[in-house]
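Below sits a lone chain in structure tokens, taken as the form predicted on its own.
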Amino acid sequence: MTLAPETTDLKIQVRLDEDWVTVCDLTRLLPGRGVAALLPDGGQVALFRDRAGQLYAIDNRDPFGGAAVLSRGLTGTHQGRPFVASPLLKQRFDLETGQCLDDEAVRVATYEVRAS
């Protein structure tokens, strides 16, 4: 059974080392749009949910421009792989692996993510 996000009180959690950290409510994640959340160590995570309900979490910092903006990027797919394009210089990052699709030498951190 699939529950509509508006009728649940599910929380989004990301895994940091061995611990799961709650970062926001599932209702904050609209398909195709990102949300930034502050982590306990002061870093930021960019959270995404696609139209199928799959959740993704990557580092929010754009490695090219240095700003914490990936959560504001445009989402899409390339060869069946979900990505976010940075709002700064438009480099695309695979949401599953963190690999930059436009520069093989660059990658952002990814996090395990769940709704519970």
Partner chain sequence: MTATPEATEATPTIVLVGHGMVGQRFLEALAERGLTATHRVVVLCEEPRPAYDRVALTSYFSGRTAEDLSMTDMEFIETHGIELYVGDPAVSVDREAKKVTARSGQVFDYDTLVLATGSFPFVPPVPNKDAEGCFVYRTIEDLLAIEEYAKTATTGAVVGGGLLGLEAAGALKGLGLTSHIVEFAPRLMPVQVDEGGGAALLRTIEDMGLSVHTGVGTQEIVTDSEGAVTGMKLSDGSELATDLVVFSAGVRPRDQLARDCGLTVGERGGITVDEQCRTVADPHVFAIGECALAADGRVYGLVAPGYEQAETAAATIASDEAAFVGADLSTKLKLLGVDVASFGDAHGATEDCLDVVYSDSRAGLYKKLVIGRDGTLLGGILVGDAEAYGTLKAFTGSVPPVSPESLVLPAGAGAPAQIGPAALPDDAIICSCNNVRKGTIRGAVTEHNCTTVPEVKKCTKAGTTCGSCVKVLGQLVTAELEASGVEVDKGLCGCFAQTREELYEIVLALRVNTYQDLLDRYGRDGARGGDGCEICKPAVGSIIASLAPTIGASGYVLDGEQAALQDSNDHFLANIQKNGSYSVVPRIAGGEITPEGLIVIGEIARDFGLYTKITGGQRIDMFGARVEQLPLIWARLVDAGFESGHAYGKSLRTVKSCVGQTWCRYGVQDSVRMAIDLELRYRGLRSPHKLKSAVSGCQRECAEAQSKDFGVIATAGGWNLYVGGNGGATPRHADLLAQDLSDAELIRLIDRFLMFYIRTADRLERTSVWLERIPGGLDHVRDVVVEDSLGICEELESLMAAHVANYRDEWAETINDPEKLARFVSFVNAPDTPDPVVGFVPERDQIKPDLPLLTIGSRPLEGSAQR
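Positions refer to the first chain, counted from 1. This structure is a prediction, so every number in the text was calculated from the model and none was measured.
The next section is about a form of this same protein that is not shown, the form predicted in complex with its partner chain.
Among residues of the shown chain, residue 9 is not one whose heavy atoms approach its partner chain to within 4.5 Å in the predicted bound form. Residue contact with its partner chain in the predicted bound form: residue 88 places a heavy atom within 4.5 Å of it.
In the predicted bound form, its partner chain sits within 4.5 Å of a heavy atom belonging to residue 24.
Proximity of residue 96 to its partner chain in the predicted bound form falls within the 4.5 Å heavy atom cutoff.
Applying a 4.5 Å heavy atom cutoff to its partner chain in the predicted bound form picks out 74, 75, 76, 77, 83, 85, 87, 88, 90, 92, 96 from 73 to 100, in order along the sequence.
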